[in-house]
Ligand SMILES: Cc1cc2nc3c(=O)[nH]c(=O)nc-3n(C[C@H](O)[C@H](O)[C@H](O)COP(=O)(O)OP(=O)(O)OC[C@H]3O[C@@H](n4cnc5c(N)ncnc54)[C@H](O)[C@@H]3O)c2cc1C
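Next up is one chain by itself, shown in structure tokens, the form predicted alone.
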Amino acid sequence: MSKDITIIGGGFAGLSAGYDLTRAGHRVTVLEADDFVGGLAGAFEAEGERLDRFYHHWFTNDLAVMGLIDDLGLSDEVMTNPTNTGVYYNSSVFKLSTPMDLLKFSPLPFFDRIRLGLLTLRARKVKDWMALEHKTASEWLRELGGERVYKVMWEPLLQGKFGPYAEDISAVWFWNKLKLRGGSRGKAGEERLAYFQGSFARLAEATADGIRAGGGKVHTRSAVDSFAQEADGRWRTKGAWGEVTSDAVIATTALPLVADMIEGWAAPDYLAALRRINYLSNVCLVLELDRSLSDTYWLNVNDPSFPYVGVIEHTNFMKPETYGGNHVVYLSKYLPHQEALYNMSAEETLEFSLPHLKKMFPEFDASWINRYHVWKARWAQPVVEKEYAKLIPSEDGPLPGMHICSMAQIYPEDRGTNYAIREGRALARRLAGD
């Protein structure tokens, strides 16, 4: 039987669920607070082409997103290339893309380089991830690789990514990262990644167009204030834009935002559970330069004095000619939203960052910058703690017809477009079957 279904949030989970539910014959309305769809995959206009606000790529084993792309008839738009990965440590850049690079990684003694390589292999062989639930990443990585490998390689990355939560992060989260990167390699051991031409926003927009083509509705600038079940069992969703009624609601936003929407009727224990998971924010400084910083695509920063966890030179993957000849560099930082960097203006962020860039790349000069952009996301990364499985709320809410499909429920994998699509489509299949 055809149903009216309201989807709160126009990110990839909501869009992919809406796309499949529409194709199954349901009447779908997607409500997105921003003036664009895609969530963290929003884009902006660069010279000659659109660019992601926050850097994105896929692994070659990201099957869910490739399935959606195929359904939309856009498989020819996916670019797959080998990439260069490096580590910035002790004021030097070290390549770390292949097994041979690892053997040359001089910050570690030779025996520890072998331990580091074996650590990755051992991690990929873990099948029962639940056995890691009771361990933190720091405990597990020390067990596998020893103290020196942990101090040089893993501790700086954990601290750079999670800051005050670094010692709380689950071993499961780190295991999945090692497994994913190890499974996206070519025959020579090089890492291979995929990108959607014209920005990830194009895929989000194509999915939204697919919903509309099937008779559904996608509304932007439509923030939801509340949703509640009426006496007749239908759901009423309200905002400054008006209201809509439906047989079911799927909320895909951050869990604390869902709690705010249902605070008028949900039990205190349920609201507390939705607010229990912590989130980090993100600041992303995007530079359009007249020349390249380096030949490295993805530079992990293992230096606590550098304020960003990664320096990603996007045009070492896509050609600079795509963006009017500009070399595009992303500097990314996850942090609590109360920190000073998150609350700086764009101009302050750039001025703060320039001396650090100069230290990392001594030849760099501010005159290289043609344009710059600063993007911020309040709900960018759930903090995946030890025994995280116990914190994840069910997809089914406390009343019939309420469902949640958020990035914080993606586990043991980490949030990302591939898994948002996988979970959105899985929920759609279940609801369509019901």
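Sequential numbering from 1, following the sequence displayed. Just so it is clear, the structure is predicted and the values come from calculations on it, not from any experiment.
Just so you know, the form predicted together with the ligand exists too; it's not on screen, but the next bit is about it.
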Q.
Whether Ser222 contacts the ligand in the model of the complex should be assessed with a 4.5 Å heavy atom distance threshold; does it?
A. yes
Q) Is Thr252 close to the ligand in the model of the complex, meaning a heavy atom pair under 4.5 Å apart or at it? A) yes
Q) Taking heavy atoms and a 4.5 Å cut-off, does His403 contact the ligand in the model of the complex? A) no
Q. Should Tyr55 be counted as a contact of the ligand in the model of the complex, where contact means heavy atoms within 4.5 Å?
A. yes
**Q.** Interface stretch in the model of the complex with the ligand - options 393-401, 362-370, 40-48, 66-74, non-hydrogen atom within 4.5 Å
**A.** 40-48
Q: Find the only residue in Met261, Leu285, Val309, Ala201 having a heavy atom within 4.5 Å of the ligand in the model of the complex.
A: Met261
Q. Is the ligand in the model of the complex near all of Gly18, Arg422 and Ala426, within 4.5 Å of a heavy atom of each?
A. no
Q: Note that the ligand is not shown here; using its position in the model of the complex, name the residues of 3-28 with a heavy atom within 4.5 Å of it, in sequence order.
A: Ile8, Gly9, Gly10, Gly11, Phe12, Ala13, Gly14
